[in-house]
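Just one chain is shown here, as structure tokens, and it is the form predicted on its own.
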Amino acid sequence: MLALKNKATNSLLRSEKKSLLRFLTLYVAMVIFLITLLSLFYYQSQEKLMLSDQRAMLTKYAYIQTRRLKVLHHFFPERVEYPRDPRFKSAIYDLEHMKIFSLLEDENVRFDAEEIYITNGHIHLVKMLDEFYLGTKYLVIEVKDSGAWRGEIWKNIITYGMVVFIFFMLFGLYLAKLFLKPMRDSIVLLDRFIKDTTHELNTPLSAILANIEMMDTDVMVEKNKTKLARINIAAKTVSVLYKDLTYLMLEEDQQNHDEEIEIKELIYNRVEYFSVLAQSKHIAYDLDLEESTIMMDRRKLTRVIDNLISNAIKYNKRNGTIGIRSREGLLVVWDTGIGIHEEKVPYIFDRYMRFNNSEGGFGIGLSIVKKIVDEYHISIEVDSKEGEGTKMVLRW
């Protein structure tokens, strides 16, 4: 059961990956937005806290400078030198915001802004005076902003932001696991059902095929020959499905026994095997086979060819054609069937994916083909047009 579960959970379907990617993209975007919002709030609160600390000191400087202006006002014009202080810069403005005198390094004074604010690397405190010493209504105190508080804030934002991001990502992965659990449970349940069904199919299917082969058609009337042909078609259809299921559940992990295989000979053999199915839909073969070989496990190459021919028959039109062309390093199988929509082509090799519910099957044949060709580093291209047919091109 554990091995079965691991096999299922390790084979993420494309749709499952797509759902997971969409969920994680949305989740990460929400987490980043939340962290950015919290960081902005934290930055603004720390800036206000820093200005609050600076306000007490600049208010003290403003009080000192106001007393100096008062002295200068009373002794003017005997004293005309504007009072200076190494700890801060200052400037005085009249009621109309006109500058009377300024020592500011940054004279971008904002009278309509907050009483204390940061501008271009400086902190300004705008103090409104009650008395007009030297015509002054506004006193501006300026000190340099060292920026140390900002560095500390960014350090905290990056450190705590990373911790919060990692925490939320771990939580997101846990959520994703919960999100995908029903889908994975369904896959495990389906795999278990298929495995149990495969075991039950073996004996009756072998008996049916063996008895069909042993029946003497020469003594049959035409009506019974037709019925036997139908039984043979149905049995071979089930046989292909059974071999796929057996391969998927029992043989997939077996060790390969690679050998040099004559592709032309194998294709003739498989075409003959499927001839009864092809004749039932009056499908003709267009074979263009040249001598070519491939080093591969015969059992796996047979599964690839069987699935390509079986699909070409299953999804072909009546009186249609199946073309098979082989060259050294190239195998092409095409049909004049119903084809599939271009948008669905990327999902054609997904396990349990079916695009036509009128035909039977579990949708596992092409997923087996893809796994085998990937294992042997064989590229496979799909060209399909709805209503015109499908072409599979294998290169190695």
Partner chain sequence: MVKPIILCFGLVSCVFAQNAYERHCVECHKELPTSLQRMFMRYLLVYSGEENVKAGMKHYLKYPLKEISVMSDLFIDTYGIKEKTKLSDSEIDEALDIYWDKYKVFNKLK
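A quick note: this is a predicted structure, and the numbers were derived from the prediction, not measured. Positions refer to the first chain, counted from 1.
Not on display, but discussed next: the form predicted in complex with its partner chain.
Asker: Looking at the partner-bound form in the predicted complex, is Tyr273 within 4.5 Å of its partner chain by any heavy atom?
Answerer: Tyr273 lies outside the contact set for its partner chain.
Asker: Hey, in the predicted complex, does Leu245 get a heavy atom within 4.5 angstroms of its partner chain?
Answerer: Heavy-atom contact with its partner chain at 4.5 Å: absent for Leu245.
Asker: I'd like to know if His257 sits close to its partner chain in the predicted complex, meaning any non-hydrogen atom pair within 4.5 angstroms.
Answerer: Looking in the predicted complex, residue contacts with its partner chain do not include His257, since no heavy atom lies within 4.5 Å.
Asker: Taking heavy atoms only, is His74 within 4.5 angstroms of its partner chain in the predicted complex?
Answerer: Answer yes; at least one heavy atom of His74 falls within 4.5 Å of its partner chain in the predicted complex.
Asker: Would you check whether its partner chain, in the predicted complex, lies within 4.5 angstroms of a non-hydrogen atom from each of Glu213, Met220 and Ala235?
Answerer: Not one of the three qualifies.
Asker: Spot the stretch among 341-349, 30-38, 66-74, 44-52 with residues whose non-hydrogen atoms come within 4.5 Å of its partner chain in the predicted complex.
Answerer: Looking at the other structure, the answer is 66-74.
Asker: Going by heavy atom distances of 4.5 angstroms or less, which of Tyr82, Phe168, Phe88, Tyr315 would be at the interface with its partner chain in the predicted complex?
Answerer: It is Tyr82 that has a heavy atom within 4.5 Å of the partner.
Asker: Exactly one residue in Asp112, Glu200, Asp288, Glu131 has a non-hydrogen atom within 4.5 Å of its partner chain in the predicted complex; which is it?
Answerer: Of the candidates Asp112, Glu200, Asp288, Glu131, Glu131 is the one lying within 4.5 Å of its partner chain in the predicted complex.
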